Ligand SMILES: Cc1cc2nc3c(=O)[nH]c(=O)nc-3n(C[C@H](O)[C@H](O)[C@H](O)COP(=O)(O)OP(=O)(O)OC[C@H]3O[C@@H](n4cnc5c(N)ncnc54)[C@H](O)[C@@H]3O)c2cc1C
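Heads up, the chain below is alone and in the form predicted on its own; it's given as structure tokens.
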Amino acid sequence: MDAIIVGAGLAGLACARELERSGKRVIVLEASDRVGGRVATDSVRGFQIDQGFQVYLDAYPEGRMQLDLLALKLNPFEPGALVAENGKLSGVSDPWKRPSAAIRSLCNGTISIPDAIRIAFLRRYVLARYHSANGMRGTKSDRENNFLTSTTTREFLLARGFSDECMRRFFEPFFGGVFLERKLKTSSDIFEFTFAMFSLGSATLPADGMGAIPVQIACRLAPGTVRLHQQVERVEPGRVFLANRETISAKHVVVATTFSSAAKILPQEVCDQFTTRTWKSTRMLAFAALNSPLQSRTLVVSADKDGPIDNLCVPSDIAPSYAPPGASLVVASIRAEWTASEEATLEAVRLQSSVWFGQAARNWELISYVKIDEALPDESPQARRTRPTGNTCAAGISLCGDYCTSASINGALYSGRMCAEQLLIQTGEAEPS
């Protein structure tokens, strides 16, 4: 084989696709029973339940390059969000996409006029950065994208003059849910790119769930390329050793797992080059409801001081295929700092939801409790300085994954494509892009 790729997540699949497009013979080894890694969808009693609250931003440049977005049948959320505070839901809308709704946001006091003006200037700034000659793609290396910045998202926003109220009512609940941390320690580079993506496009859900994204890429690979239930014990240059004692050889080995998984199979001298990053976890409760509490394609973010809910939405309002006929799927994501037991969390979610939507929320039926320990890698400026500076980590061994670029679908797709490109450059079959 020309290449063995360990891991059938988005990065590994994107790498395999790019190599096969160049005529290479590739095997993708996946330990689990499906492709996609952390981007997955389960079917439970006719409901489609994504593994953790995930959305696809249709402005992602790598997605537009690598995916057939029409075939995914993307269903958009309404731009903006409903902010829940003290039992009241107040809308915050994008003035460029929903001008009248944005005016209502100003009238109800959710966003002050000075903060609205600051948001307008912020939008202009990040889009100018994105469209600049060096294109802020959220994926560049330290030499290309101001990687050594020490600015957090919070520091960046406060420096631009946003009020404490705007931080508490909008940026903390909305982007805290995106980044899985409300202290907004995430690098401002990541925030700027994400804000640009929300400004240029929509948050969406594929008709068949988020798991349809990796499935689409896998279906474009040659038959037999992806091998499921293949547990890799260790790798070395040119060889992969499986738990079933099989050994597979190839010119190149690409490890496309999370780094914590990669560290278990890479040679020790390779692991010694890197600092292990911590992970952010997430929990999500999925409920079956007779009726949608929202009846709209809107995300609810919580500005309440107490309560477990980080954000809540009704995926079946956005994409009806997420629930069987006559039912609605309600999904509540739990704040990272909430540490209560599953039983206590369930009761607290029902209580908080009933304050927002009435006693009908008490009757929602829990159909899935999802806990993901490794949901997103730490993306603080300090953590991002530990990223690999390139895909090649040793002669014959390469790495790819969103921890190499940015913790997003776009970052994973970009990392996989660039890893394949580097391998092709090494063999003299491609020119640097």
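Residue numbers run from 1 along the displayed sequence. It should be emphasised that the depicted structure is a prediction, and the values quoted were computed from it without experimental measurement.
There is also a form predicted together with the ligand; it is not shown, and the following applies to it.
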query: The single option of Ala394, Ala59, Ile367, Ile372 touching the ligand in the predicted bound form, heavy atom within 4.5 Å; finding: Ile372
query: Candidate from Ala407, Val26, Leu399, Ile49 lying within 4.5 Å of the ligand in the predicted bound form - any heavy atom; finding: Ala407
query: Within 4.5 Å of the ligand in the predicted bound form, all of Leu82, Ser90 and Ile318 (non-hydrogen atom); finding: no
query: Non-hydrogen atom contact Ser202 with the ligand in the predicted bound form at 4.5 angstroms; finding: no
query: Contact flag, Leu312 vs the ligand in the predicted bound form, heavy atom cut 4.5 Å; finding: no
query: Gln54, heavy atom within 4.5 angstroms of the ligand in the predicted bound form; finding: yes
query: Contact flag, Val254 vs the ligand in the predicted bound form, heavy atom cut 4.5 Å; finding: no
query: Candidate stretches 289-297, 256-264, 321-329, 121-129, one within 4.5 Å of the ligand in the predicted bound form by heavy atom; finding: 256-264
query: In the predicted bound form, residues of 15-41 near the ligand [heavy atom within 4.5 Å]; finding: Leu29, Glu30, Ala31, Ser32, Gly36, Gly37, Arg38, Val39
